[in-house]
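Considered here are two forms of the same protein chain, supplied as structure tokens in two stand-alone entries, structure 1 and structure 2.
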Structure 1
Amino acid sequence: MQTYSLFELNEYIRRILALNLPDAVWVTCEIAQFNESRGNYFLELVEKSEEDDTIIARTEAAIWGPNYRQLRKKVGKKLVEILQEGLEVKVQVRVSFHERYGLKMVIEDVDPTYTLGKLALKRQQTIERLEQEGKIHLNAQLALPIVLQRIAVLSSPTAAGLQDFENQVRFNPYHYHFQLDLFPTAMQGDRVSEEMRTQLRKITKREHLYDAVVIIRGGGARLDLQAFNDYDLCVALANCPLPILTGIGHDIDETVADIVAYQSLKTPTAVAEYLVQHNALFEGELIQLGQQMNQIAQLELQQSTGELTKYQQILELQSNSLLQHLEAEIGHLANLLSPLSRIKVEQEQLSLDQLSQVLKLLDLDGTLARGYSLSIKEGKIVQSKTELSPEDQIEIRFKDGSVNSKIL
């Protein structure tokens, strides 16, 4: 049996690779790890199964410093955006094998269009899936409170736009008060989705304490925004019971998170302006309603004043007419009263005369003068003989005097 030394075997492998892969080749893979050391860059490249995301291939790669600088001049800023953990890339590698250092893939070129295309395809697939599940516009169907004051903020404490957002909100020209509660979370990298979903669950448990959720990032490279295209994160945003406002800080690219949010704005300061203007609009409506109510009240007052003036004039006319009528009636009655009173007085005077004559006839002296006499016993007029007894002393009065007499 033929036996090789380790050096001989490695040399054999090197010659085989040199013969079969003499030139650099293009490889598609995913960056699992990316590190920099002394100007050189070291990557762990993997390929995952399409069925369950298990790793089916893994290898080490490197970009030497001089070659990285050349790639940076060729590709530009996109090189930094592409060479990130979790992104699929298409790289040109030269496979080398050294008897002492083993297998090494040296990256000589990068195709940025492949990565951008993959990301765009993944983004579109996420959008289509959300549309099929009826979640793409779910958050936008929520009712936005007429006043926004209690805001849950999802952002990194060191995010570029967070300070601008807070200053814009707190020092607004209308002096509105806002309650801003920060829920810290990563805003780039592979931790964004998990951390942000964790914070959303916390907010949902206290949804009665907030009016809306704001996502603030502010600036950054285009590929840094890929975390906001994550399906699981976008589902969590869509299902949030509170309206979500995004201010991720980009002018051109629209992430899936922007699409599922209640309102997408370009920058953190734009979100702040949105909150302030939303409340200002409500205040303006209140002022307008107040002015309308004042105008209506003034109009009603004018109409009522006019009505009162009209009724006052009518009342004055009617009262004057009634007064004149009553005065005429009183005058007529006064005219009638004078002759009637005279007649009544004359009638009463006649009655009095008649009564006077009757009284004269009934007067005691007149009666005695007509030949009558009056018997008095013990100071009382005797009206019947039964009142007298023998031996009673009585006084008999005549018109010209009186005599005493004794009853026999």
Structure 2
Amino acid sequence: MQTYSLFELNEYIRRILALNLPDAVWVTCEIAQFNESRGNYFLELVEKSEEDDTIIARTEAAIWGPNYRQLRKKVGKKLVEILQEGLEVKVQVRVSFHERYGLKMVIEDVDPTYTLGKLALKRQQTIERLEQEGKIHLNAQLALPIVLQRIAVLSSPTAAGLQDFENQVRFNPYHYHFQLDLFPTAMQGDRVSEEMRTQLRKITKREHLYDAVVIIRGGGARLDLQAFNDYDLCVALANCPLPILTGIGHDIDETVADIVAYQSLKTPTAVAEYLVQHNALFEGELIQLGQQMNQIAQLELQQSTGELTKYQQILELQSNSLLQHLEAEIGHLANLLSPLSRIKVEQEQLSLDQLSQVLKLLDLDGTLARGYSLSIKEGKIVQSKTELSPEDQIEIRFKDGSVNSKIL
């Protein structure tokens, strides 16, 4: 049996490979890792089993700097978006073997339509699944509070749109107060779905503290939006008990998250405007109600004032007439008092006069003065001769004294 030196073996392998794979070949695979180093790009390519997602093939590949720049010119901006971890790609690779460095796969070309098609298909499947499960309009059926003030913000602290959103909300022309609580989450890359779902669970636990959830993402590559087409994330959004407003910041494409949300808006700024306008609408209604109330009150006041004036007049009239009546009554009584009391005095005078006359008549001293005398027996005036018998002792009273005498 022949023995090779290692170099000989490797040289043999290189020749076999070069012979059998002389040209570059198109390969479909998924990018598991993507790194840049000194202008060159190094990728880990995998293929997963359709049944259980286990890796059934794996290899490393590279794109050399000059080639990358060529591709960038040819494919455009999309190249950056396509060469992302987690995405399925169709790449043209040249397979080579080097005696010292081993197997090397060099990517020479990329087919962007393949990745885009795959993504569109996956997005469509997600939408259909959510529709079947009745989740697609679940969040949109929630009742939006009349006033939106306490906002849970799902965003990355470094997201370009977050600052715009916060400024727009804080310095709104109506000076409405908003409470913006940031729940930080990745907004790009493969951690978006998981981090955002974790934060959504946190928000749901404090559901009573918030009026709505907003998702703010500013700028970024178009394919970065893939995270927002993720089935698990969209289910979590659909099940969120608070209305979700999205400002994912895209012009053309609508993500599945946008479809699931209560309201999707083009930009973070548009979300801010939506919040402010929503509250302004409520304030407008309040102002209108206030005006109506004022009108009604004015009318009521006028009517009441009229009524009051009427009653006031009646009151004035009635009280004046009552006073007049009372004054007349008092006057009448006063008028009675003086003649009545005078009559009384006169009556008394009169009876007094009569009495005095009677008294005069009866006056004993007067009678005696006129020369009459009085016979008194045992202290009593003798009025008849029958009262007297012989030998009776009597007193005869004159005006100037009395004498004792005896009846014969």
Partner chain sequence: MKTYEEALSEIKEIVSALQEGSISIDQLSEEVGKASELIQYCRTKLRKTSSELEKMFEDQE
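Numbers follow structure 1, counted from its first residue as 1. Definition used throughout: the rigid core is the maximal C-alpha set that superposes within 1.5 Å between two forms. Since we're looking at a predicted model, the values are computed, not measured.
By the stated condition, namely the form predicted in complex with its partner chain, the second structure is the one that fits.
Comparing the forms between structures 1 and 2, the C-alpha position of residue 382 differs by 2 angstroms or more, with the core used for superposition.
For residue 73, a C-alpha deviation below 2 angstroms is recorded between structures 1 and 2 after rigid-core alignment. If you fit the rigid core between structures 1 and 2, you'll see the Cα of residue 113 move by less than 2 angstroms. In the core-superposed comparison between structures 1 and 2, the CA atom of residue 291 travels 2.6 Å. Once the core of the two forms is superposed, the Cα of residue 300 has moved 6.0 Å between structures 1 and 2.
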